[in-house]
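Same chain, two versions here, written out as structure tokens and called structure 1 and structure 2.
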Structure 1
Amino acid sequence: MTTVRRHLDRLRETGDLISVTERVHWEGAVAEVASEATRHNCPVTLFENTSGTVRPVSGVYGGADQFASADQRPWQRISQALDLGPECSYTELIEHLARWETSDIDDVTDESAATVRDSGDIYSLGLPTTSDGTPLVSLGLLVVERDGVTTWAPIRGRAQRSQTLRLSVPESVVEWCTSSADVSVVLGVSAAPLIAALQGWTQGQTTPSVPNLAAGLADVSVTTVGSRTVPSDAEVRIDGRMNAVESSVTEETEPRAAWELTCETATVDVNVETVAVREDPLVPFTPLGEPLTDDIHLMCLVETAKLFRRVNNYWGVSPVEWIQLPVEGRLGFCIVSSEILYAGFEWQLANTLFSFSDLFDKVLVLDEQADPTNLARAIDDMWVKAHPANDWIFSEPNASSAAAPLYRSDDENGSRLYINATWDPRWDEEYIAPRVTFETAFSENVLESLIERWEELGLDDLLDERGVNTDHE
């Protein structure tokens, strides 16, 4: 099982984690540094020296902007956290998430891994604060049980007072359980429970068996608190009682998490009774409202996996090579790469995606040669391969408004756009322009000749000095 601690150890080993050892105050400054780190594609940032109990860490499940460099794999930290190995490709990760497999949870221990520390002073934890100075809660889970079934749901919120958390949760969770249930809020859990919680409650259907979904994604270890099944690797566990809050008293002004775009939300207060922590607890958090944050990465992958699963089951064949909601587009843009089976297939494909997701209203259709690891090249095809007059297709303005874009927030209907950057299947083969790549631009003889003289040409030294791998050999 890849706990947060194990995940961070691996990131440290591969140079993808930096420790901030100088004193950074949790009030404002930690979130500010985290914002800069995510915005500028920095490694995972661990704050070792803040005045509170926890050690905040940002970017744990995020990743770099793929435009920034060919080496960037924005999903890599998540695939690592799911223990899928360093060579896991984007498509393999999506296929893994798309399976929605459930597994029994065998590894239930009776002992709570985190130790009860006090009777519930949220402020003393030293969670990073929002701009108004209240502790931020992100990348955590609400744990609640009904009729012997425990579910885990995504949360976003803040401390309301020293012993009250005010959280946004999927409305369907509140409807599913009683509104005054005993609950736990867990922070610092591994990737599988976080992803499973999104799959269970934000995908247009209610799937309460989230712990089993999580176990289908990766090994998870759980323990029992009260009657609830709780991830035992949680770094911080806050137990208390949940109360629904009337919508009239919740005036949201702060940035929301990405998952909140995907479902109706409700506001609840958790009256904290006890706080349990591990020794030197690590709490992943994300500076909401910034680009490239962890919540965007997680939601992009979860929504993509849903679409991949549904589209490929829909056709009876599997022409779709890959789908991506690039994190750079903040859930407002969808790319699909597919074999175009027949003329007009791209129209069907784009509209299928629109019907399966409410998040975006722009779809880019690429041919099956497109590479999911090269976003820059994929977007280039939108500009050079799609005919501006014929291949940018706008719908009649009768479509419901998409959730991610910031226009038409009044829910008025509007248009959708898909861009067809594939070769027209009606074209003769001779019309198709071959791509210019290292492999296609030079004959094997030329490449072999160069490889034989690699050293004489000084390329070994040159590329080695710059940290370049010489896979071309």
Structure 2
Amino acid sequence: MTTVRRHLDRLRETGDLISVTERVHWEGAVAEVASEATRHNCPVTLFENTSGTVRPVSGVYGGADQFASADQRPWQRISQALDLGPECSYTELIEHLARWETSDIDDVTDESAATVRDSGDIYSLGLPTTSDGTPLVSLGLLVVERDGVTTWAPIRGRAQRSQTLRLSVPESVVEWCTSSADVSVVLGVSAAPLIAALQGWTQGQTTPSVPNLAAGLADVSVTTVGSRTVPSDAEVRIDGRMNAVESSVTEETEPRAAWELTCETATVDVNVETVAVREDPLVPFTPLGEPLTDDIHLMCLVETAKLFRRVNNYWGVSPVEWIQLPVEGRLGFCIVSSEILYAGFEWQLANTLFSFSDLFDKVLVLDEQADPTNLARAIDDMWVKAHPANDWIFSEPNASSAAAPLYRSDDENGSRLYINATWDPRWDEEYIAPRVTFETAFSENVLESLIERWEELGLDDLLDERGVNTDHE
């Protein structure tokens, strides 16, 4: 089982984690440093020296900007956290998430998830604060039970007072359980429970058996607290009683998490009774509202896996090679690489994707040979292979606005766009331009000369020193 601690150890071994040993105060400063780190593709940032009990860590499930980095992939940290290894390809990761398999949880330990502290004061934990100075709760789970079934749900919120948490949760969770129930809020859990909670409650259908979904993604160890099944690797566990809050008394002035764009939400208060922590607890968090943060990466992958599974079961065949919702810029883009089964298939494919998700209002269709690791080439194909007069197709301006784009948040209707950057399946091979690569752009004698000069200059060693991928051969 890959716990948060084990995951961080691996990242440290590969040089993808940096420890901040200088004193950084959890009020404001931690979140500001984390925001700058994610914005500039920095390694995972662990704050070792704060005045609180927990050690905050940012970027645990995030990743690099695809336009800026040559040796890091945006999804790499998540695949490692699921024990799929650093060499796991993007397509393999999407296929793994798209299986939607459930497994029995056999490893139920008697070990307590964490040690109960004397004080139930949330402020003493030292969680990073929001812009108004209240402790932020992110990348955690709400654990609640009904009729012997425990579910885990995504949360976003803050400390309302020293012994009250105000949380945003999927509305369907509140409808599923009783409005007043004993619950646990767990922080510092591994990737599988976080992803399973998103799959169970934000995909347009409710699947309460989230612990079994998590077990289908990776090894998960659980324990019991009261009648609830809780991830035993949780670094912090807050037990209390949940109460629904009327929407008329809630304030929504703070940034929302990415998963809140995909479902209706409700607000609940958790009256804290006990707080349990591990020794030197590690708590991943995400500076909400910033680019490239963990919650955006997780939600984009979960939504992509849903689309991948549904479109590849729609026509009775599996024409789609991969789908990607790029996290860069939150532009509301869906890129899909597919075999074009017949003339007009790309139009049907785009409309099917629009019908399955409202996170985006643009679909870019690429040929099946397109590389999912090369976003720049995908954008290049959009300009080179798709003529604006023939291949950029706008719908009538009466479509609902997409949920994710930052540029269109007035809830007004508008147009959707699909761009066909594929070769017409009716064309003969001789009319299709060959892909220009290093190998095809130069004659053999020029290639040999270039390779010789490359070796003479020792450029491989230079690139290795700078940590740049040398897959140029």
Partner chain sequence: MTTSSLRQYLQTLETNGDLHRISEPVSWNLEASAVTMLLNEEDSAVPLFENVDSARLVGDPYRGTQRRPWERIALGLGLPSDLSYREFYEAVIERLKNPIEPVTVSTDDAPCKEEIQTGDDVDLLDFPWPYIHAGDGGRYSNLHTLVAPDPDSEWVDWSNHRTMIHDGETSSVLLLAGEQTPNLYYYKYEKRDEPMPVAITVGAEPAVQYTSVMWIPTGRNEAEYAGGLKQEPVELVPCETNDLSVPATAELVIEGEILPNERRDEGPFGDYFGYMHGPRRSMPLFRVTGITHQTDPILPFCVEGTGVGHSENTTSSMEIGCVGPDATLGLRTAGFDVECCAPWKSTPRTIYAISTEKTNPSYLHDMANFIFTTWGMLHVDFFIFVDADVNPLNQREVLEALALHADPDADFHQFGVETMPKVPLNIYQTPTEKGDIQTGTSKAKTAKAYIDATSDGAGREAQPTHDIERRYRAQKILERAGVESSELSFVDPGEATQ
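Definition used throughout: the rigid core is the maximal C-alpha set that superposes within 1.5 Å between two forms. Numbering runs along the sequence of structure 1, starting at 1. Source: prediction; values computed, not measured.
* To do: Could you let me know which number goes with the form predicted together with its partner chain?
  => Number 1 is right.
* **Core-superposed comparison between the two structures, residue 32 Cα displacement 2 Å or beyond** => No, residue 32 moves less than 2 Å.
* Asked: Against the rigid core, is the Cα displacement of residue 457 between the two structures at least 2 Å?
  -> Yes; residue 457 is a residue whose C-alpha shifts (by 2 Å or more) between the two structures when the cores are overlaid.
* Answer yes if the Cα of residue 48 shifts by 2 angstroms or more between the two structures on a rigid-core superposition, and no otherwise. => No, residue 48 moves less than 2 Å.
* Asked: Cα of residue 445: shift between the two structures in Å, core-fitted?
  -> Here residue 445 registers a C-alpha shift of 8.3 Å.
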